[in-house]
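Single chain ahead, written as C-alpha cells, the form predicted alone.
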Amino acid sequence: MGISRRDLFKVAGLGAVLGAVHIPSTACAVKTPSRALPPSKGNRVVIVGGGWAGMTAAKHLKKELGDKVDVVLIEKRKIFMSCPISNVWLGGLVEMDFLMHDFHTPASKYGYTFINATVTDIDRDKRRVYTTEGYVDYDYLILAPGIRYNYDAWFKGDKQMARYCATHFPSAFIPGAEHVALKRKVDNFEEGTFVLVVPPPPHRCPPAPYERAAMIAYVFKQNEVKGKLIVLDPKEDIKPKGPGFRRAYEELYLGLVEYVPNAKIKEVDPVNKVIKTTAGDFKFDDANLNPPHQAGDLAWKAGLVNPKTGWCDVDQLTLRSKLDPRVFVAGDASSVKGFPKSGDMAHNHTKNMVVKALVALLKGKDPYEAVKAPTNTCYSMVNGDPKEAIVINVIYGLDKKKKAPVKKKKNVVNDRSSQLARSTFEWAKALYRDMFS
C-alpha cells in the first residue's frame, strides 16, 4: 500500500520534518499584544497541545463541568494524526484515514473553544499563553506538548548536522510529514542494509521501535528486498514483550532482521552513513535514526522541565507541576515513575488523574480524593499476512499515603494471534471515540 496524493494533502497541515528538530535558538519569542479571546467570566482552563492527552482533557473537562468552566484548546496542526497505529499504517495494513481526525467536531459538540494557532510563549506569572492569533489568559493551564528530539546528545550543538540527520533520516515519532518520508523509504528500499536505532529510555511508546521493525521487515518480505534490517538497541534485551517480538523476528523474518542489544550510541555520522556503538560499528544504506526524547519545546518555553532529566517534574497522583500549582502536565512530557509514555497512558492518566484533580480543585474539593487509578494497554502488530499482534496490559493502583501510583497487575501475551490484531483496531476505535465523538 503506497502513499496517495490524498494522503500527502492530509499531512500538509501537520508540519515539515524539520519542525520536530530541537535546534536551540537565542531568538526571543514574539508576544502578540492583542487578545485572541476576551477575558473569561468564570474559570478558564487553557489546554496547549491537541494530541491524545490534550483532546482527552478538553472533552472530559466539559463533560464534567459544562458551562461552569471555559475550556480553550490551542493546537498548531490543522488536522489530528495519531502516532499509535502509525506503525500499522507504515506496514500498509490500514489506510491513513484511520489515523486522521478533525479538531472541530468535538469542539462544536462539547462546547469548548478550539484555536488553530502556534504558541509562541507562555508567561506563568501573568497566566497568559501567547499565540500567533493573540494571547489567552488562563486560571489553570494543562500543558500537553508531547516530545521533542534531543539531537544535541548526538551532535553536541552542531545544528547543521542535526538538520541533515533529521532531513535525510527522519525519526517519525512525532506525527506528520516524517511518517510519510519514512514510509517512502521503506516502500522504495530494494537492497542493502537498513538500520533502525532504538532511542534510550524513557522514550515515546516503549514497544514502538520493535513493532516498527516488524512492520518494516514485513514490507521488505513482501517486496523481496535483498538485504536486512539491523535493530540497534541500547538496552540489554527487548522490553517490553521481548519474547513475542523475538519470536516474530526469528519465525517470520529470519534472515531479514538482525537484533543487536547493548548498542549504546557513541557516534552518528549521517553523511557517511556510519553509526558507532558499544556493540560495534555499523554502515548502512538507509536508516530510521531515533535520537533520545525529551519533553516538548513548549514545556521548556514554560520553564517547567528538569534539565537533568529532560522531563517535567509533577505530583505523582495529580500530574500537577511541582514548579507551578496552576499548571498540569499531561501526556508524554510529564515524568511519573512507572508510567510509560504511550497514547493509551496519556489518555488514561489525563482522564482519570488530571481531569479528576482539576475538577475537584474548581469545586473546592481535595484533588487527591478525586483521582482514579489508570490502566495502560499496548498492542503491537508483528505480522501483516495474516494480521497478528501481541499485547501488554498494566493495571495500576493508588498509594494515597505515599501519593504515588503502583503497579498492581501486569498481563503480557507474547503469543501472536489474529484475534489480538482485531483487538488492536477495536482498541484504537474505542479511544478515538472517547476523544472525538
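Source: prediction; values computed, not measured. Numbers follow the displayed sequence, beginning with 1.
Another form exists, predicted together with a small molecule; not displayed. Remarks below refer to it.
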{"item": "Partner-proximal stretch of 248-256, 268-276, 207-215, 193-201 relative to the small molecule in the predicted bound form, 4.5 angstroms, heavy atom", "value": "207-215"}
{"item": "Non-hydrogen atom within 4.5 Å of the small molecule in the predicted bound form for each of K59, D70 and P367", "value": "no"}
{"item": "Interface membership of K159, the small molecule in the predicted bound form, 4.5 Å heavy atom rule", "value": "no"}
{"item": "R163: touches the small molecule in the predicted bound form, heavy atom cutoff 4.5 angstroms", "value": "no"}
{"item": "Partner proximity in the predicted bound form: D233 to the small molecule, non-hydrogen atom cutoff 4.5 Å", "value": "no"}
{"item": "Non-hydrogen atom contact R77 with the small molecule in the predicted bound form at 4.5 angstroms", "value": "yes"}
{"item": "Residue among P170, P291, P145, G244 with a heavy atom within 4.5 Å of the small molecule in the predicted bound form", "value": "P145"}
